[in-house]
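First, one chain by itself: the form predicted on its own, in structure tokens.
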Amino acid sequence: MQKALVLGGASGLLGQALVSVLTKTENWQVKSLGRSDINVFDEKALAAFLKEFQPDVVFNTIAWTQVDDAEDHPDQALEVNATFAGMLARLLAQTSCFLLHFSTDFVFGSHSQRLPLTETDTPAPESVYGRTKLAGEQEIFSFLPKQAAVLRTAWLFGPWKKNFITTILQLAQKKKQLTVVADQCGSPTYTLDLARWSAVVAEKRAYGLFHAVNAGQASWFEFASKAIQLAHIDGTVLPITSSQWPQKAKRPPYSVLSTTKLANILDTSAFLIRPWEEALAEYIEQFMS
């Protein structure tokens, strides 16, 4: 049995999914660790905990994910998304522990390409969030070139914490008509699926950079419309442009991620990459009905 440490597993959207998935298997002894347990940003405290617990794998879900707020707090976002990631990688470099870290489609910016982005495409972040997450990737691989996997993901939805889908369905029950941005296209991702893929990557010690999202693509408008349809809510969603919904941080207009590389890792696993519509239907049926 391997010992897994999930940083941010007590309250995070992805962290809770990881704890749930890992504890349901016989392969893992799971412990979650968050800011309420120790000051994870205190290097001595974190080093002492790692020495005592001696995990085989660390799953790091701690991140500054408030995209617009990061524009107003760039130093704090950098500390969480890059400096902390580097410190963690440096501590683990002294051990045989494997690190699995999560990044984002926001490392990409505006481009003319309308094909799914691969791990070899050049990042060009246009937001503080994207730049700090890219810096975190670079920090990790500088210390753990063959001892870490970074999974870029996007548009997370799943149980146990507020997300885009919970917000949309709550609004749709109150309003007959919603407006949702239709000119941003990305990859919706179910947290429980991402957690299952992550477990396989960790078990295989598949190091390097991977894109990890559900199959297919959607605009926010299409994503919201499908959720309302699946939830059998009588409401209308109208498409609008990004300029009609101004936000501080610039969003990638097209950030669909290719999962070919990840699929090769999962080829002998039961947890293959299914369409986001199928995952969304399962989520709404099991957790939102």
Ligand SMILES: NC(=O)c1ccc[n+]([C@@H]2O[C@H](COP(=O)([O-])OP(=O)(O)OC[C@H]3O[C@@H](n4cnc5c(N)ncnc54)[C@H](OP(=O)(O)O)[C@@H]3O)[C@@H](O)[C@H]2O)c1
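Position 1 is the first residue in the sequence shown; the rest follow in order. Only a predicted model underlies this, so the values are computations on that prediction, with no experimental measurement involved.
What comes next is about the form predicted together with the named molecule, which is not displayed.
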Heavy atoms within 4.5 Å of the named molecule in the predicted complex: which of the stretches 261-269, 276-284, 7-15, 21-29 has them? 7-15
Quick check on Y129: any heavy atom within 4.5 Å of the named molecule in the predicted complex? yes
A195: touches the named molecule in the predicted complex, heavy atom cutoff 4.5 angstroms: no
Residue contact check: L230 to the named molecule in the predicted complex, 4.5 Å heavy atom: no
Looking in the predicted complex, any heavy atom of A93 within 4.5 Å of the named molecule? no
Mind checking whether each of R35, A63 and A154 has a heavy atom within 4.5 Å of the named molecule in the predicted complex? yes
From the list L50, A249, V256, V40, which entry has a heavy atom within 4.5 Å of the named molecule in the predicted complex? V40
Scan Y190, F108, F102, F98 and let me know which has any heavy atom within 4.5 Å of the named molecule in the predicted complex. F102
Residues of 74-95 having any heavy atom within 4.5 Å of the named molecule in the predicted complex, listed in sequence order: V80
